[in-house]
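First structure 1, then structure 2: two forms of the same chain, each alone, as structure tokens.
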Structure 1
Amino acid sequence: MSAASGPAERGGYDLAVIGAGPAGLAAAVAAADLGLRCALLDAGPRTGGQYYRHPAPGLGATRPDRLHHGWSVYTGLADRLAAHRRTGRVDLLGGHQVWALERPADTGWAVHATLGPAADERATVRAAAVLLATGAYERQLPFPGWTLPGVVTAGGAQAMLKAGLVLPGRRIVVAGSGPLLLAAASSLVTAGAEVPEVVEATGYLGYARRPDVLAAVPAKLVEGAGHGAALLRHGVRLRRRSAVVEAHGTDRVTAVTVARLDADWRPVPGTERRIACDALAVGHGLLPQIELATELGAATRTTPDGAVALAVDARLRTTLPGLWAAGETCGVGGADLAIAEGELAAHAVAGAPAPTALLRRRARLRAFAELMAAAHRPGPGWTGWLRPDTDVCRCEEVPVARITEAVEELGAGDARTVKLLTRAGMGWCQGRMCGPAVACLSGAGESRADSRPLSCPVPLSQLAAGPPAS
């Protein structure tokens, strides 16, 4: 099949929404309600994103709502989307992994996506405006043994349960930092796993600094109380100011060592305890996925937890004309905030006045997101649980010792130089997993915006095949 016979170029859209998670789905539906013709693109075959991940169709799950918080919100948006698809107001383009944005001659946007490995499995979508709702990925801090089978991310454990209806193990320690831990642990014990402890690196005291912000989001408090009640019913202990500093095992994790942390996350000597388990779900928050915008020069901001997010104004406009953003790309804050921002961005793109109640809701939820990020910001002392032979970049198997050598003996002073000297971050994930850790070990200080010409792997045949057929 020739390149010209492949997926044709699609055009004539008022808005292309990239990402069909809570923010993107809400944005596409709201924009269609306001009269815009939209394309909704997602790498997955279905809507919902990581948050509303569906069980695989072949599993025959009859009650997917039991695995989700706020499932009725999703089904409401999905029903509205289905109605707009029937009238041709929205085209849902599943299986489209967007690798670049282009703005030719300032007349609109070209959204380039890959659909598969062959030269003709690609598409270009043209629209007057683009809304970025690409979500986030998990922040991982390495520790000895973190590459053992049975060690998964906290979000990965939830994904296994929601999509595959399976558990990563039977006795699972949940560890790291952030509200995702409570949600993951609650899901795991409800599904039948034994969770001996939830190990949280922070002390939750950061929330107490802004009682006014907490009082403005009662639903968040109810949600947290619900997770806490589930853990209490199953006898799960929440251990604060502690971290898993080593995972043990040969072919698979069989135990973890937990140590108490000081205020800077340095392990306190003599506090180590060993917990038997056959799985560990670990994560230290989420990082906005913003490469498509930063490659074009969009301005960013550093969030209170040290992550880099897109800078947007009150109407969710980025600093690039015609490019909006919503949800986690603007700073991680959860599904409720993502939905509110998606709807607000749609109003802005359509030139419609934003509902006052929606503006206030977004302000309350964004304030809570900033407070949450500050409360769970990783402390600089986490490097105290590393050993020289601990792999930092698991793709290229680069240990701490090689990074230390690059910094102390070869003069590297930032993550990019470390990458050139050690190959850390040059593997399949392109530094998405190890990037923050490498930057910290290089002494580079605050994180910098990630920039790359291709936001995901693309076959050379697609890059070389020329313009798509129209």
Structure 2
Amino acid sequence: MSAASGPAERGGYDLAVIGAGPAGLAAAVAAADLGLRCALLDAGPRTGGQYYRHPAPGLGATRPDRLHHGWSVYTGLADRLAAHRRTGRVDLLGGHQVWALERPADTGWAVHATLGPAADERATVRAAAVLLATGAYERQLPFPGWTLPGVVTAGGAQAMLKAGLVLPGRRIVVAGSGPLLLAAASSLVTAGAEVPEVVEATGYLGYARRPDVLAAVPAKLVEGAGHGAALLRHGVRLRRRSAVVEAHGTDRVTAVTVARLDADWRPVPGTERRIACDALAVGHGLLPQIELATELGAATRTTPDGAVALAVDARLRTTLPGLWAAGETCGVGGADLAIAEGELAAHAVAGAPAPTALLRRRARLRAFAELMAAAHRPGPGWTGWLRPDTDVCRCEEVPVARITEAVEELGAGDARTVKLLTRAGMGWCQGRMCGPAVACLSGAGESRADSRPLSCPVPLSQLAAGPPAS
């Protein structure tokens, strides 16, 4: 459909679920089980989200489970979804990148999306309720050399491996903080990469503070032990309380420098070691992707790792009437928690009582998520590995020195003022990569909720097309 003939419109749904990862999939099938008519939207062509990201059909993977933990959980959800699609209870709308939610009247929501990677068509989906299951993206902390080709995010390395069956190099250092590092390293070595070290900034001691919480989630411990065993089998060394403080190379990464960190993540002088590699996969935890809700004024909370998540009640309601959230948008906690929350939210939207076992499961997993977040919270000393010429904002190429100047000489006291003075965060990614670092360097402390009127780039032609024909 061309812009001239107006955007496509679908309606009459009880529930629009945004995101077809673990939370969204579980929510859509549970809601359909309870009799609701659902639209399930996702920016990608396939369901599964980032966690259950899997090879395109054309790649003919006969054993996709080997790249996944709990693959049968996904196939179970996918089978239930297929059954509901056959009866017309659920419409799966792949390739729909949602850029705004709108509540034009008390009658329900309008969900605006662009179609396809080129975003050259537009669609609007109308539903009485919306469930936000948009997941998370990775938190990055800059270091000298982090813009070199071959330096990729840990999640990105895993995503490209799972979907495209490719690796960024043969010898890949994995670094940063959080449980994703172990999962990524384990995937990379089993797929044939050499991983000389996993470099984790924390000491894992944070987990030991709450043995009761750990004991309540045995599956999490088994999962962690599984990754640990894979790393041992392939001779991967796990280096704790350390960080990659520099990546070396001219046109691509050829080595990294690893240093010990003190308890505040400050590099300890004299502990630097150089490791040759042709790729670095790096990440410092995950950040909830919540701008569709915060733009409308939904309340947020700060999680123990300093990230901003949506505030929800026990039934997964946000503070906006008719808007629910589940999974990472409520605070990063992994696929099992996301599935439990998706099911709980579906019950709430359908007006059904919450199953007690599900409530208990969610409480256990949520407690673990909070413990995990606290254990991997970035220490304030990480700025000790920056240099004045280190780019902080990758898109606008804004170095540390310009941000320091904005703060110390021009009087900026928060990330927003730094952004206006330096353009850090004003480029293509709209601060998704540099936001936490800019907030930290501006001295404002905790990150604020992101506010982006449009959650992704939208061609002006789409906006100019006007409201959908009703």
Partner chain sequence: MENARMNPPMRRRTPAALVGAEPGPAHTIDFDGRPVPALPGQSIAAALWADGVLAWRTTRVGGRPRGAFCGIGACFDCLAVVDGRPNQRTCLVPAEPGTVVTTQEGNGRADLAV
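What you see is a predicted model, and the numbers here were worked out from it, not measured in a lab. Structure 1's sequence is the ruler for residue numbers, which start at 1. Whichever C-alpha set is largest while still superposing within 1.5 Å between the two forms counts as the rigid core.
Two forms of the same chain are shown on their own. Structure 1 is the form predicted alone. The Cα shift for residue 411 between structure 1 and structure 2, taken after rigid core superposition, is smaller than 2 angstroms. In the core-superposed comparison between structure 1 and structure 2, residue 56 has its Cα shifted by at least 2 Å.
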